[in-house]
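Single chain ahead, by itself, as structure tokens, in the form predicted on its own.
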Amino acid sequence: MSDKIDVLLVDDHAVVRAGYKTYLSLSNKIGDIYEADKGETACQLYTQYQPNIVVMDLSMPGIGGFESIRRLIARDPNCKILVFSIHNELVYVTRAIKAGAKGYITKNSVPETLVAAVCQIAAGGSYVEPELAQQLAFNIASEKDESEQIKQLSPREFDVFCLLARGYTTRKAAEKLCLSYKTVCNHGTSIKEKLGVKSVAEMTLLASRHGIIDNLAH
């Protein structure tokens, strides 16, 4: 049995996956590398190949990164997941860790950080990019009520919240997330109740205050 680390890369951009694969392949600690372009496929491939670690993007079509993490952990509580995302806001980090991810690094990280994080998590540890880890430690004692309210949103509600706050219509959000118009309407109602807001405009202001909507574009 090989001691090398088998990796499942999950990102909807083929060019980005190719870059990750190149970085990881340079390490003699890395074994087989599998690829998925969305969360649904990642869940299937994880069951099929049982990789040692999953490297997961958050912004993807379909069920998205947060829901993918939740499903993988539900299938296998020992699943090791490293989030590799463009988002450097703490709300994303805390949600990913809460969902079950063992680590979080941003796509601005140097290639060596990706390899180091993969190896550390595969060995049973955890890894959060140092700058983000510092911010997390600083924020733990001073989280606002709003942050707590945002954390109460389900993974799918959070996805809908982000899109509506960014200016997507209900219909466009439904198309992007592959959901029905009615489902997104229901999520919208639930989001407003949980966040204590009455309009999309208030939602946008709240999202802006927490740095959620600045980097949502792919």
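Only the largest set of C-alpha atoms that superpose within 1.5 Å between the two forms is called the rigid core. In this text, all values refer to a predicted model and were calculated from it rather than measured experimentally. The first residue of the sequence shown is number 1, and the count goes up from there.
One more form of this protein exists, namely the form predicted together with the DNA; it is left out here, but the text below deals with it.
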query: 4.5 Å heavy atom contact, K38 and the DNA in the predicted complex; finding: no
query: Exercise: Q149 in contact with the DNA in the predicted complex, heavy atom 4.5 Å; finding: no
query: Close approach of I33 to the DNA in the predicted complex, 4.5 Å, heavy atom; finding: no
query: The DNA contact at C162 in the predicted complex, heavy atom, 4.5 Å; finding: no
query: Triple contact flag T47, N52 and N78 to the DNA in the predicted complex, non-hydrogen atom at 4.5 angstroms; finding: no
query: Answer range among 23 to 31, 39 to 47, 179 to 187, 52 to 60 for contact with the DNA, defined in the predicted complex as heavy atoms within 4.5 Å; finding: 179 to 187
query: Interface residues of 154 to 182 toward the DNA, as seen in the predicted complex [heavy atoms, 4.5 Å]; finding: S154, P155, R156, E157, T170, R171, L179, S180, Y181, K182
query: Core-aligned CA displacement of K172 at least 2 Å between the shown form and the other one; finding: yes
query: Core superposition between the shown form and the other one, C-alpha change of A201 at least 2 Å; finding: yes
query: Flag for V160, CA shift 2 Å or larger between the shown form and the other one after aligning core; finding: yes
